[in-house]
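Just one chain is shown here, as structure tokens, and it is the form predicted on its own.
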């Protein structure tokens, strides 16, 4: 019997060692599989910032782009519109100078019924003479300014007709609400100054409008002279 037990004892130890080895190997295999699974999950899962960005894009709430200082300043800067009426080109030239100097927008007042040379002939009882003799006349304008609310400053140019602004300027001023805006008039003429032509226009706008002193320019004025005036009145 002792011989049988002695013979079986080594076999029992072998089986026990084999079982322990299999258990250790199984635990090792589980550790390797667990490590591989974690690695796969990390590779499939974006970093926190990327996950947030992806979520925001999918939800339509992508973070807004940053705005530069220049863009912020442009948003709060004033906008200027150069408005002018010109039949012979004299006033138009000055308006073009101002537009270029300021980098402003411009709008030309065009009569729905264009003026002819005969209409403009002085002291012939032509169309211009008749209109200037009647302060209630309002010649129609062919088109308008659709985005007037966007402008803070209006530089208004016109020729002098019989000492005053053409009646079509009155049509323009009565066509819009200039509440809180600044209007800077200028005129062109061969001899007459701006005189009361500007101050007589004040009553056509609300009292909230700030009127600046006007300026007369003669035919053939230089761009440098116009720029000097722009600097003097402080329009940017």
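Owing to the predicted nature of the structure, the values given are computational and were not obtained by experimental measurement. Positions refer to the first chain, counted from 1.
One more form of this protein, predicted in complex with a small molecule, exists but is not displayed; see below.
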Query raised in the report: Using heavy atoms and a 4.5 Å limit, would one call residue 96 a contact residue for the small molecule in the predicted bound form?
Result: no
Query raised in the report: So, in the predicted bound form, is residue 143 in contact with the small molecule at a 4.5 angstroms heavy atom limit?
Result: no
Requested in this report: Decide whether residue 151 counts as a contact residue for the small molecule in the predicted bound form under a heavy atom distance cut-off of 4.5 Å.
Outcome: no
Query raised in the report: If you check in the predicted bound form, is residue 86 within 4.5 Å of the small molecule, heavy atoms only?
Result: yes
Report summary line: Contact with the small molecule in the predicted bound form, heavy atom within 4.5 Å, among 102, 120, 111, 81 goes to 120
Query - Full three-residue contact with the small molecule in the predicted bound form, heavy atom 4.5 Å, for 139, 174 and 200 - result: no
